[in-house]
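To begin, one chain is listed below as C-alpha cells, in the form predicted on its own.
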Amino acid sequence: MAARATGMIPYDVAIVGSGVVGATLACLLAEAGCHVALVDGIARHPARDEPWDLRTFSLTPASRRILTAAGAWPRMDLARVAPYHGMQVWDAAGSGMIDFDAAANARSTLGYIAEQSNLLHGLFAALQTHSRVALITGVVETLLPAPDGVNLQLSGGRGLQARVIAACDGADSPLRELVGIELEVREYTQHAVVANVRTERPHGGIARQRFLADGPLAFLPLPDPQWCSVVWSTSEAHAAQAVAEDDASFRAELGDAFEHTLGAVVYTSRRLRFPLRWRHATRYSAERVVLAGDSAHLMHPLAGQGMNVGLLDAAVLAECIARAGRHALRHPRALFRRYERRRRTEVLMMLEATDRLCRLFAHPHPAIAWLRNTGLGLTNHMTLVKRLLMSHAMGDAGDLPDIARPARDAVPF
C-alpha cells in the first residue's frame, strides 16, 4: 500500500477498523477507484495460534465470492480452509434432527471454515496491491466538520480528511457512540466457549450442532480430518468452569455433551469464553458516518452467520458507492439511505431468526420440546423446504450484491 499525504484533498472514504469487514470494504472500494484510508489502533494483527486459530468463521459460498472479488481468497492459505458438504442439527431433548447435503442443491460445498488470521493474511496481501489504500495507525478521538467532508483527529496528534467514514470498529464501536447512534439490545444469559479438539473419528466434512438445555454445541470441521473447532454456548457459570477445569475433565464432559458422535475427544487446545449479545443499531448512518459489520449488528453464533452478514454489508456498501460514483460522496445522505434500505431488512431477518431459534431450543416446557422435535423431523422430509433453507444458509438468496451471486462461480472451490 502506498500511503499518501493527508493534505487538502481528502480521501474518498476513511474506514475505521481493519478487521475482516473493514479490510474487505477497503479492497472493494479500491477496486471501484476510491481513495481509501484504513484506520486502526492496532499496528499489526496477532499471529495465528497453533495448530489452528481459536477464532474461526463459518463462511458461505457468497462470502467466498465477495472475498474473491476483493482479491483475498486466492491469497489465503487454502490448505488451511475446510470446505464442508454436510450439516447435521439435532435436539438433545428428543429425537428430532435435520441434515443438509450440498449435493441436494447440486453443489459440492455448503460452506467453509476459515481462521481469522488466514482471512486477514489474504486481505492484507490484497491491500498491498492497491496504491489507492493507505493504512494509518491511530485511534479516532474527535470528528470535525470540513467542506464536503469531515476531519478525523487521531491519537498522537495526527489527522486526516475524508468525504465519508465507514465505522467497522466492532460491537463496542467508539465511532458509533461518537455520532450518537443508539442500539436495540436483548440480553442472553449465555457465554460461548471456544476450543479446537481432536476426535477419535474423522468429521467427514460435516458441520454438526446439538441443542442442549443451556444452549447449542457445535463441532465445525477443520482441514485435518480429525480436528474440529468447537463453539459451546452455555450458561456463564458453566462456561467459566469449562475454561478453568483441567483438559481431561473438559474432554470427558465435551464428549458426553456431544453424545460421542465422533468418538472420544482425545485432545483439546486452550479454551476461551466470551459473552453472547444481541445488538442492532437503530439507524445505519449519521451525518457522514455509516456502519457496517458488528458496529451495526451482533447476533447469536448458533447459525454461524455473523461474519457472512458483515461481509454482505461491505459488498453492498461498496456496490452502492460504485454505482453512485465518487461524486455522490460529497453529499452522501441518499447513498446511505439506499444502503440501509438494502441491508436493514436482510439483517433484521437473520437477527430475529437466530434469536427465536435460540429461545425456542432453550424453552424447557415438554410441549414446546415435542413441537420443535416434530418440526425438525417433518422439515427433514420436506425436500423443497430443505432446499430453500440451504439456499439461505449458503447465501444464495435475498438482495445480493452482484459480486456475491452464484453466477459468479466459474470454478467452485
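We number the residues from 1 along the sequence you see. Keep in mind that this is a model prediction, so the values were computed, not measured.
This next part talks about the form predicted in complex with a small molecule, which is not shown.
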Exercise. Going by a heavy atom distance of 4.5 Å, is V39 a contact of the small molecule in the predicted complex?
Worked result: yes
Exercise. Is there any non-hydrogen atom of F274 lying within 4.5 Å of the small molecule in the predicted complex?
Worked result: yes
For this session: Indicate whether the small molecule has at least one heavy atom within 4.5 Å of a heavy atom of A404 in the predicted complex.
Result: no
Exercise. Does D294 reach the small molecule in the predicted complex, with heavy atoms at most 4.5 Å apart?
Worked result: yes
For this session: Would you mind picking the one in G325, G159, P174, P202 that has a heavy atom within 4.5 Å of the small molecule in the predicted complex?
Result: P174
Exercise. Is the small molecule in the predicted complex near all of G19, G22 and R55, within 4.5 Å of a heavy atom of each?
Worked result: yes
For this session: From the candidate stretches 179 to 187, 71 to 79, 307 to 315, 96 to 104, select the single one in contact with the small molecule in the predicted complex, where contact means a heavy atom within 4.5 Å.
Result: 307 to 315
